[in-house]
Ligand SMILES: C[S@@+](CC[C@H](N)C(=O)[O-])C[C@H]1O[C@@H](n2cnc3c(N)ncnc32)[C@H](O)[C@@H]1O
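Just one chain follows, in the form predicted on its own, and it is written as structure tokens.
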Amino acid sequence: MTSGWDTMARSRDASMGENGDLWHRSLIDPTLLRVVGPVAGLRVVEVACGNGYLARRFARSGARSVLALDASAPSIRFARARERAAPTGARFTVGKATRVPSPDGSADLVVANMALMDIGDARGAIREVARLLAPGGRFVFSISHPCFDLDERTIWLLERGYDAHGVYGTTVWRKVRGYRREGRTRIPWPSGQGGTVWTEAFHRTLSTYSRYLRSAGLAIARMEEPEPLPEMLEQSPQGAYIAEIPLHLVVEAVGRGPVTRGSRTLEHNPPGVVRRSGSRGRTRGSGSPRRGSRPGL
């Protein structure tokens, strides 16, 4: 059975290009890249890479090696085509986030851009990340904000009227229900031909993501909520709303040992953390583009 991501591979490659679509280049990616920091000299793995634009950016920025994978074979074909046209040294393969074809401790940095909320076995994917990371390695990922972007359970609510000072204007609210109810849902995407393509998604609470990281021997070191850049404010009607209420979350998790950031080595030993050796735009008015680089299921 062909997945929705396979069906959309061509249109997503066209929209992502080499710099990401509007939501990525003007909202999600600037914060993600700031948290990632310099990658020169690092061994990088990207799971759920989509058309590979981010992996290729890492390679151009001096990463020692870049391995990128995605469960969608058509998406990897587009990534490889871009790599052939303008080689960067990044390698692309078809694969699942729970089974990355790379040895234990072979990565200094693992990145998952707008993917974990689309992976059914997120716990297994995070365990796999922990297996891949060398001592002091980092895992940086972005997701739809679990508190404010819960599929159809969250919508924008706009109220127009006079405020306490007698000024007429618009008040933006984000209505949320069912936050604690985790589970599977389906996300509709326009096919570009008048139809709808559906993909699976999984809502999880912040507590659940935290437990998954801790059980894998990783500790949360940083959390950021991306804010829209001017381009986003100008071109998306949701830009001004997101400036008030975030729809995305970027997390950095680290393992035990000295943390490597580019050419710098920082001492970091999360107390009580034991390393385990181990073995992406949504068009509905209520939400974000939802799915970033692309999930590896």
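A quick note: this is a predicted structure, and the numbers were derived from the prediction, not measured. Start at 1 and count along the sequence shown; that's the residue number.
One more form of this protein, predicted together with the ligand, exists but is not displayed; see below.
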Let me know the one among V251, L42, L69, V36 whose heavy atoms come within 4.5 Å of the ligand in the predicted bound form, would you? L69
Of A216, I143, A97, L132, which one comes within 4.5 Å of the ligand in the predicted bound form, counting heavy atoms only? A97
Taking M16, C49 and M114 as the candidate spot, are all three within 4.5 angstroms of the ligand in the predicted bound form by heavy atoms? yes
Name the stretch, out of 176 to 184, 221 to 229, 70 to 78, 152 to 160, where some heavy atom lies within 4.5 Å of the ligand in the predicted bound form. 70 to 78
Given that the ligand is not shown alongside this chain, does V110 nevertheless sit within 4.5 Å of it in the predicted bound form, heavy atom to heavy atom? no
If we define contact as a non-hydrogen atom of the residue within 4.5 angstroms of the partner, is D118 a contact of the ligand in the predicted bound form? yes
For F58, is any heavy atom within 4.5 Å of the ligand in the predicted bound form, or not? no
Tell me, yes or no, whether R12 is in contact with the ligand in the predicted bound form, where a contact means a heavy atom of each within 4.5 Å. yes
